[in-house]
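Form predicted on its own, single chain, as structure tokens, below.
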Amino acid sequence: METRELRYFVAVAEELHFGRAARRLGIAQPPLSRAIRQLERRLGAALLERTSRTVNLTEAGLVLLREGRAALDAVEAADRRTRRAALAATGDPGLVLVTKAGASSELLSKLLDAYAAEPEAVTVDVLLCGPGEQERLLRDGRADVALLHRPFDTTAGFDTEELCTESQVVVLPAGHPLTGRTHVQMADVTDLPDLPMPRWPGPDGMYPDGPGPQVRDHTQLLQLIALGRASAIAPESCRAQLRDDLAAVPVLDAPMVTTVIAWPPHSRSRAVAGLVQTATRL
């Protein structure tokens, strides 16, 4: 298969409409239809069920959509990493480190300061993202290295080094009755009617159903908690960033959170190796 064919198919599979897919791709509809039929003939499988009104994916089409997205992501990642390697060869070997906004701030600050003191250090650009986005940015080549947090982030397919493991706390508005306790259990805080847990967007950008407020970033979340509209469970290290109108209480039975530094296993970047070595020494 050619990457052009995969892009055509993924566009049709996501739009479920040949006209919209053609407009998205910037081509006419007839050549798009011919390309999909040619792809089906080559694979010996029907990928789409077409009627005069609808387009739906077959089981084979669902498989190719999943695999095709992964293949196109890999091609784009190869493009980005190759271009950055070319820049490195001409004297601009900067690194891009991605991390969730508001997470591991103290650790990140210490890492950047320690690495900057190394004799062969390069410029490190920090890319802040929402929950769960670090993995995607690392996989598609927009980042060279990432700080991930197990069990919330998956590290499958990456090389990793563990940096620290910590317990979790519940973040509440200052003055809430639970802030007078030395600790709580998950059952005490997951169903608070007045302070529901936030809802973060998934990989598709859609929010899960639930009573909690929709949030997109760490600053918005802290503001909602201070206003008495939400609560959140976070790693112990978040205490260092809390304002006076917020309080944290240990959650004894919350899962431990392990922060890891992760990078693609095929990376041959000396700069990535140097940053990882500095992180493991901290």
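Sequential numbering from 1, following the sequence displayed. A quick note: this is a predicted structure, and the numbers were derived from the prediction, not measured. Rigid core here is just the name for the largest C-alpha set that superposes within 1.5 Å across the two forms.
Quick note: we don't show the form predicted in complex with another copy of the chain, though the next part is all about it.
Annotation: in the predicted bound form, residues 107, 250 and 261 none come within 4.5 Å of another copy of the chain through any heavy atom. Though the partner is left out of this view, residue 114 does not reach within 4.5 Å of another copy of the chain in the predicted bound form, counting heavy atoms only. Although the partner is absent here, residue 67 lies within 4.5 Å of another copy of the chain in the predicted bound form, judged by heavy atoms. Residue 210 falls outside the set of residues with a heavy atom inside 4.5 Å of another copy of the chain in the predicted bound form. Though the partner is left out of this view, residue 166 does not reach within 4.5 Å of another copy of the chain in the predicted bound form, counting heavy atoms only. For the options 256, 28, 45, 227, the residue carrying a heavy atom within 4.5 angstroms of another copy of the chain in the predicted bound form is 45. Distance criterion of 4.5 Å from any heavy atom to another copy of the chain in the predicted bound form singles out 71 from the list 126, 186, 174, 71. Partner proximity in the predicted bound form, defined as non-hydrogen atoms within 4.5 angstroms of another copy of the chain, places exactly one of 212-220, 232-240, 28-36, 57-65 at the interface: 57-65.
Using a 4.5 Å cut-off on any heavy atom, the residues of 137-161 that reach another copy of the chain in the predicted bound form are, in sequence order, 139, 156, 157, 159. Shown in the overlay between this form and the one not shown, fitted on the rigid core, is a CA shift at residue 233 smaller than 2 Å.
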